[in-house]
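Take a look at this one chain, the form predicted on its own, written out in structure tokens.
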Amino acid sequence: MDVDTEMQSATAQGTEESKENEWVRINSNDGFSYLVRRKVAQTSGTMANMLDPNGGYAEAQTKICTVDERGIVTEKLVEYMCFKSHYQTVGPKEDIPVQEMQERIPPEIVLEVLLAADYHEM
């Protein structure tokens, strides 16, 4: 491999890494705002499509995704995206503390969180 090819490969890899480290703002419909890394936001299929530069969505340019949910529901979605991103590469599924995540969601909003998670393809 020549020097030019190595530099192009390193640049492409650096661009991918920098995109993963970009911050994305997730806004709820009642004014709450959460900053997460792009890698975390892309655990949602819907947000991954919104943030895709080839998709033509405004969110790809502004790096702001608006979730049409209350702040508490959006917060639980963000918590789950962080949880999912963190445990995506864990070996055996038995090592994932699912019960811990379930205990974080108050029973009175479980249905709202479930519907929002389904809509956002989580």
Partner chain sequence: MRSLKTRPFMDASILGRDRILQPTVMSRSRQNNIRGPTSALTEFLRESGITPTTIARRAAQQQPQQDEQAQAGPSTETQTNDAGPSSSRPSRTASRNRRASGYGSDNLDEDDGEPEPEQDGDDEKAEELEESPAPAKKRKLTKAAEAKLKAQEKKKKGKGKKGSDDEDYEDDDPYTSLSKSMWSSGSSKPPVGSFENCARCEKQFTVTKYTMAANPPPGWLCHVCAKASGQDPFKKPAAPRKRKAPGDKREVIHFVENRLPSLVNMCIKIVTQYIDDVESLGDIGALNVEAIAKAMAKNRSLTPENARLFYNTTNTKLIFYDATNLTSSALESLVYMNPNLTSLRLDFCGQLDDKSFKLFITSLPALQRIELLGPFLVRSPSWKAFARAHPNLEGFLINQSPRFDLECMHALVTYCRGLKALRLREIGKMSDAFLEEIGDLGPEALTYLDLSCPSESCSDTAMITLMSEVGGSLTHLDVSKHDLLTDSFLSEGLQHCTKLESLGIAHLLDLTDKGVADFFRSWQNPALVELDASRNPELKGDALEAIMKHSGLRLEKLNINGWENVEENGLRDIGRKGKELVKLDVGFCRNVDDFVVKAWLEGEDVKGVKKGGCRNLKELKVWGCNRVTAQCPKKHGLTLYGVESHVIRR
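Numbering follows the first chain given and starts at 1. Not measured: the values here are computed from a predicted model. In this text, rigid core is short for the largest set of C-alphas that superpose within 1.5 Å between two forms.
If you look for the form predicted together with its partner chain, you will not find it shown, but the lines that follow are about it.
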Taking its partner chain in the predicted bound form as the reference, which of Ala60, Ile96, Val36, Ile72 has a non-hydrogen atom within 4.5 Å?
Ile96
Asp52 within 4.5 Å of its partner chain in the predicted bound form, heavy atoms
yes
Is there a heavy atom of Leu77 no more than 4.5 Å from a heavy atom of its partner chain in the predicted bound form?
yes
At the 4.5 Å heavy atom threshold, is Pro92 in contact with its partner chain in the predicted bound form?
yes
Given that the partner is absent here, does Val24 sit within 4.5 Å of its partner chain in the predicted bound form, heavy atoms only?
no
From first to last in sequence, which residues of 92-122 have any non-hydrogen atom within 4.5 angstroms of its partner chain in the predicted bound form?
Pro92, Glu94, Ile96, Val98, Met101, Gln102, Ile105, Pro107, Glu108, Val110, Leu111, Glu112, Val113, Leu114, Leu115, Ala117, Asp118, Glu121, Met122
Superpose on the rigid core, then tell me if the C-alpha of Gly31 is displaced by 2 angstroms or more between the shown form and the other one.
no
Cα of Pro92 displaced 2 Å or more between the shown form and the other one, core superposed?
yes
